[in-house]
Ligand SMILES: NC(=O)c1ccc[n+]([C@@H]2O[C@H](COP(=O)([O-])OP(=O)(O)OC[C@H]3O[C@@H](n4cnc5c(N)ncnc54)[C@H](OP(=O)(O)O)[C@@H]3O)[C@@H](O)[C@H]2O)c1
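Take a look at this one chain, the form predicted alone, written out in structure tokens.
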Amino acid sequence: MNSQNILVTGASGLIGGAIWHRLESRGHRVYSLNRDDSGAPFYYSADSGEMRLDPHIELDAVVNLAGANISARRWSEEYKRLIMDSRVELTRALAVALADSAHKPRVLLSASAIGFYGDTGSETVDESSPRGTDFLADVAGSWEAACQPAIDAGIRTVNMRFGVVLSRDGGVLKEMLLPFKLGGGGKLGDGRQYMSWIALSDVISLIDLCLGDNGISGPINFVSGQPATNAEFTRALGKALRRPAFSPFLRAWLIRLLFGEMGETLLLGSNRVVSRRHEEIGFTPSAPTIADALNLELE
């Protein structure tokens, strides 16, 4: 791609920081969405819902990654509203502002999540599978629907349904490194729940592809081709770190007691998700197995 103006929301997060670095390294001008109204070219107020885009900066692409951390605390009703609103209201305001702009970007990549499918148990699902019925499915469905004004305005839109992103710099892998290094790692609950994961480096490569290929639109699962059970993942992590991982790290009853609905959904829930679109769009992950991903991220 030639040098472009690209807006990244959620730029301070794990994925946002990594894609910012990649885009800048390729000579693009990258902008963030500011929450402080101090004359920044791109501004959003969660209180008023105001979204301001500088009309003098013609955006070529937008990567929307903003949203409150779903695992930061127990899910009170108030925090569940924050999880929903921080995604849906911002995305809707952004989509409307882009649709109304004199110079519309050619592409909007907007985050979503494989929570769209709900708890799938041992059933394998892909982009053709229906939406689930739990809280995270409602969040993901509403999040994607908020992009509709951009779609209606002719802006190519991709819904990035993220699985668990593996990186030593953040997310679940970073949180697990210390207990595993201390020899206290192990499975959660009975360990039979599936986790659909992807290495951070493959996330960035897939975003790159979606930005550059004008034929890509709609939902894409950002996952590897091989979901792992929690027991498989913890064994692989113990092996990668050369540490034992035999004892249960947290039993199911304790997870429910400590974390409530959040723990039930995120730690004990099962998401066996693959992608039928990777082959269609010509994407091959560099880390197709959990061992590959851990070796890549922990090297």
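Keep in mind it's a predicted model, so treat the numbers as computed, not measured. Residue indices: 1-based, along the sequence shown.
Beyond the structure shown, there is the form predicted in complex with this ligand, which is absent from this document and is the topic of what follows.
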>> At 4.5 Å between heavy atoms, is Phe116 in contact with this ligand in the predicted complex?
In response: no
> Looking at the partner-bound form in the predicted complex, is Asn69 within 4.5 Å of this ligand by any heavy atom?
Replying inline: yes
> Taking heavy atoms only, is Gly132 within 4.5 angstroms of this ligand in the predicted complex?
Replying inline: no
> Quick one: does Pro105 come within 4.5 Å of this ligand in the predicted complex, counting heavy atoms only?
Replying inline: no
> Of 224 to 232, 207 to 215, 163 to 171, 148 to 156, which is the one stretch near this ligand in the predicted complex, taking non-hydrogen atoms within 4.5 angstroms as near?
Replying inline: 163 to 171
> If you check Ala111, Ala93, Val125, Ala199 against this ligand in the predicted complex, which one has a heavy atom within 4.5 Å?
Replying inline: Ala111
>> Using a 4.5 Å cut-off on any heavy atom, which residues of 73 to 102 would contact this ligand in the predicted complex?
In response: Leu82, Ser86, Arg87, Leu90
